[in-house]
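Okay, here we've got a single chain as structure tokens, the form predicted on its own, with questions on binding and movement later.
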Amino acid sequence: MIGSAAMKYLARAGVDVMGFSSREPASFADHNGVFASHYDAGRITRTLDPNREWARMAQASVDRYVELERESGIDFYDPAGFVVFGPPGSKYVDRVRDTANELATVSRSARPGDFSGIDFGSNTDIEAQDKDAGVINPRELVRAQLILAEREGAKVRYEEVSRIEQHAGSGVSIETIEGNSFDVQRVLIAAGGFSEPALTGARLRLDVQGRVVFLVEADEDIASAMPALIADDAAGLALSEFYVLPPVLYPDGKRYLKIGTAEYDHPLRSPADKISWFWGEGDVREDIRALQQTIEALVPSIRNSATQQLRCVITYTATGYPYLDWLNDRTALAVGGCGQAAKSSDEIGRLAARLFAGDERRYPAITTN
């Protein structure tokens, strides 16, 4: 998602751009290469956040959604609204309000009864955002970015890069698993959790974690009234920290509520670990049990509905922000969404493209040899 946005902004700046990407596999079990985590139909978007920088990056991106949809002809944004909640006096909700006040974000304190069909239980500290918030379709957002990038002259090659080699004073060579070779002047690496093999020689602190997502089939009546939700330190539920998306239409023609959490760690330390995770390996029974209990308590009407699970990976950094910097005089990177980058990917891609214009780096917290 970051790479496709960066391609667009580089092409608009007049740079001759070529992007390399794997296509989404038709069958995960038969794919033995790079995966991506935008293979999904829904991600929460909002500008309410306890962190100023993430709130600012989100606002910059959300402000451009409508224009991006209009220019590309791709609809990817549903302004369904957003709610953050916790127990009475929640410190997390208080931090969200403080940031909202500082950045003049329009939000409101809400009551549990304002949202029919949702049982907040004893979690009564609620802040709602009715504007600039809801759901984006990450597949469609990437498609929109690539349409605009190609319209500006960028080229997309659906080939997986196997080798990047810098030549002293003469640019960089890129080789793909298909056996093709390309000579370029500079490289931007934006491959998420699969970026690490290309970062040899850089002392980067990256923590790549597998996450399981639980989907519950739901009818459109729930979708018409339900915002996206995030809970932190929630009381009386199987999970204390989680997010929920309202029913989103998936490629199978059905709508699913989606719930996920970062409470369970599944560290992925090698490319093989990441591939096997997307294949569905790894014990996630405890995750699934807690996710199901939580969503059924929160939205009682979906009990006994059909369910399924998805897999993704999240790449965390030591700073809590994306690494946007130069590894050397030819290779830059834009890596580390920290579980928050989907909604802000247009702005993060813009900041990555600015590196190539010589602009001062904004998040330089990496150490290189």
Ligand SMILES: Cc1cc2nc3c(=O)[nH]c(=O)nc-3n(C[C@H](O)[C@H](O)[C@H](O)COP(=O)(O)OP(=O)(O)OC[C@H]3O[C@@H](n4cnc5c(N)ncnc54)[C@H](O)[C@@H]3O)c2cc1C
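On a predicted model such as this, the values are computed, not experimentally measured, just so you know. All residue numbers are counted from 1 along the displayed sequence.
This next part talks about the form predicted in complex with the named molecule, which is not shown.
Engineer: Among L268, V213, I295, I126, which has at least one heavy atom within 4.5 Å of the named molecule in the predicted complex?
Structural biologist: Spelling it out, the residue with a heavy atom inside the cut-off is V213.
Engineer: Since exactly one of A55, A41, I314, V62 fits, which has a heavy atom within 4.5 Å of the named molecule in the predicted complex?
Structural biologist: The residue from A55, A41, I314, V62 that makes the contact is I314.
Engineer: Just one stretch in 66 to 74, 297 to 305, 323 to 331, 30 to 38 has heavy atoms within 4.5 Å of the named molecule in the predicted complex, so which one is it?
Structural biologist: After filtering at 4.5 Å, what remains is 30 to 38.
Engineer: With heavy atoms only and a cut-off of 4.5 Å, decide whether F120 touches the named molecule in the predicted complex.
Structural biologist: No - in the predicted complex, heavy atoms of F120 and the named molecule never come within 4.5 Å of each other.
Engineer: So in the predicted complex, does any heavy atom of Y92 sit within 4.5 Å of the named molecule?
Structural biologist: No, Y92 is distant from the partner.
Engineer: Is there any non-hydrogen atom of A190 lying within 4.5 Å of the named molecule in the predicted complex?
Structural biologist: It does: once the named molecule is placed as it appears in the predicted complex, A190 has a heavy atom within 4.5 Å of it.
Engineer: According to a 4.5 angstroms non-hydrogen atom cut-off, is F242 in contact with the named molecule in the predicted complex?
Structural biologist: Result no; F242 lies far from the named molecule in the predicted complex.
Engineer: Give a yes or no on whether each residue among L141, K274 and G280 has a heavy atom within 4.5 Å of the named molecule in the predicted complex.
Structural biologist: Not a single residue of the candidate spot has a heavy atom within 4.5 Å of the named molecule in the predicted complex.
Engineer: Check each residue of 331 to 345 against the named molecule in the predicted complex and list those with a heavy atom within 4.5 Å, in sequence order.
Structural biologist: Contacting residues: G337, G339, Q340, A341, A342, K343.
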